[in-house]
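Encoded as structure tokens, the following chain is the form predicted alone, with no partner shown.
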Amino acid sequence: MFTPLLFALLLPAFSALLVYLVGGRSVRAAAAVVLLTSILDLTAILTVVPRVLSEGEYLESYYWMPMLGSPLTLFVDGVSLSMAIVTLLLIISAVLFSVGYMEEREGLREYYALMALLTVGLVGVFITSNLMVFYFCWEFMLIPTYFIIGGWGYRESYRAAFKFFIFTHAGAVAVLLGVGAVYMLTGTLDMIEARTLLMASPQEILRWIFIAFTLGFAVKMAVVPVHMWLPDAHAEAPAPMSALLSGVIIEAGAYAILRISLGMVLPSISDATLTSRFLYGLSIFGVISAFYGAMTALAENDIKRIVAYSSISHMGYALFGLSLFPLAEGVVGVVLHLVNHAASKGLLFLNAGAIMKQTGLRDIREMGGLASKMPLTAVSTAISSLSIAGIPAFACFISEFLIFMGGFQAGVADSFYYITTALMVVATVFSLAYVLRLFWRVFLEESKVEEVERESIYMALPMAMLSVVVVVLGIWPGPIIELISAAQLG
């Protein structure tokens, strides 16, 4: 019997050795193995879509460690399945982009082997309901990410990689404490079972568990004030890794807050006043992150740091959306925004990488006039930028609209959300300002660049593919909304 989730988890792990061995003869063959593995993973994940749409979830359970009292459960619903699909799309795009982008670098068989291992952690986080397996994947993704940033990054790459590792590992310690406390109280590691069993647990301990989980996940999410690792890591990482950092890794933090902090722990906290204060806090820090990221991006001149600070801003939108839990519009809006932002921001980082690769520059003040020299990159950058700005007909517009609609609906019962939602709407103006500035300086201003390299087909193809995804998500979001709505999180 074919077990698609176990297949999707184990295939990239076993392929890493093959990638390393094949890479000794041909680097492109190593890339092809990772690419094929990711495509097979995506195909396996897609086979469970009909089951999730009809039944709301899909579960695989395996005999594991009897002493832990929980089987190894691999689980997807509409939320986690949506995240797994966009994750694999980004991995496929990043690997294909790497063939052209990284062709002049050394040690590429190690690079592609690390990309295969990274796939295990990235996909595993989204396809399990076992807290121990979740934590393993949560931590495991740090190792290949550290070595990819450090080994193939730009200026102070290992410094940025170390900063990323220290911050996110510190957050993981808080997550581990939360996992241990849940197991101590319930005797199970299964998120679904624990949600019910936690109802009978002491309220004081539940509050600390909620804080530990949320703080640990917020560090990975890189919202203010635990965002300090993100600008350096995103700016110094090679562009394909930046696309995965911004498109998947930081979004895993938002997913985990929704799935574990809000979905598993919060329903057991009986103090309504305390719950409201928790959610108020998420809303306030969401607003702060949205403004801080957008305004800092507006002042930056390094193309990758502009896109990096934009990620902080958009995680502010996600955090604000999480504060609307369990309102249906808020939950659907924030998950859709994670999907849309992943595709849009992953594409924008690939665009930035293509510009840097073909011009040898990263300061937007030194560019200009590249629209005629790099037409495909110009069109692709326009699509990703307009989506990030929340312009209608592009992906992020509809998810931001749903979040804001949820915010105003929450304001009917609690006027606090009228204020924070209005501020979030204002933040979109700054988003539009920094992407317009970026596009004008790079593509439309008087040319300061005499010659550029030819656009590689390996770089052009993933940019074109993600551009289509961003447009389709913007004009036809119905199928993904239907898939997300099939989940029961509220």
Partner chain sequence: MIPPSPLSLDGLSPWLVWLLPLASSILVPFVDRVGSRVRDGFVIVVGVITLILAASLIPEAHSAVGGPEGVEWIPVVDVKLGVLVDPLSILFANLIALIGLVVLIYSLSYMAHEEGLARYYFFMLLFIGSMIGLVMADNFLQLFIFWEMVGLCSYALVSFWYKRPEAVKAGVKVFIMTKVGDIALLAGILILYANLNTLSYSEIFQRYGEVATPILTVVGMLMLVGAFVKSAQLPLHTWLYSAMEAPTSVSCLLHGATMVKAGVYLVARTHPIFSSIPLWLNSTVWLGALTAFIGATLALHTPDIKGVPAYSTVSQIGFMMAALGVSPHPIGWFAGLFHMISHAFFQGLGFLAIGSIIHQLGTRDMRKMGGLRRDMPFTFALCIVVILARSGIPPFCSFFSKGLIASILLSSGDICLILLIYSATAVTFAYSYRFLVLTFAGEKSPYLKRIRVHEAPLLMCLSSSVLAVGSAVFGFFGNPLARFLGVNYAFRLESFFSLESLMFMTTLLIGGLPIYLIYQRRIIPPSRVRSGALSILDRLLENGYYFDSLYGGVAGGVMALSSWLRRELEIKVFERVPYLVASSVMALARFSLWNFEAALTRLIHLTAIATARHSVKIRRVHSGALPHFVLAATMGFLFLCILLLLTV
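Keep in mind the model is a prediction, meaning the values are calculated, not measured. Positions refer to the first chain, counted from 1.
A second form of this protein, the form predicted together with the partner chain, is not displayed here; the remarks below concern that form.
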Would V425 show up as a contact with the partner chain in the model of the complex if we use heavy atoms at 4.5 Å? yes
Given that the partner chain is not shown alongside this chain, does F439 nevertheless sit within 4.5 Å of it in the model of the complex, heavy atom to heavy atom? yes
Whether F394 contacts the partner chain in the model of the complex should be assessed with a 4.5 Å heavy atom distance threshold; does it? yes
With the cut-off set at 4.5 Å between non-hydrogen atoms, does E445 touch the partner chain in the model of the complex? yes
Which residue, M184, V412, M199, V173, is the contact with the partner chain in the model of the complex, using a 4.5 Å heavy atom cutoff? V412
Contact with the partner chain in the model of the complex, heavy atom within 4.5 Å, among Y154, F167, F147, F140 goes to F167
Taking G180, G253 and H337 as the candidate spot, are all three within 4.5 angstroms of the partner chain in the model of the complex by heavy atoms? no
Select, from the options 290-298, 255-263, 241-249, 275-283, the stretch whose residues sit within 4.5 angstroms of the partner chain in the model of the complex by heavy atom distance. 290-298
In sequence order, which positions of 390-405 have a non-hydrogen atom within 4.5 Å of the partner chain in the model of the complex? G390, I391, P392, A393, F394, F397, I398, F401, L402, F404, M405
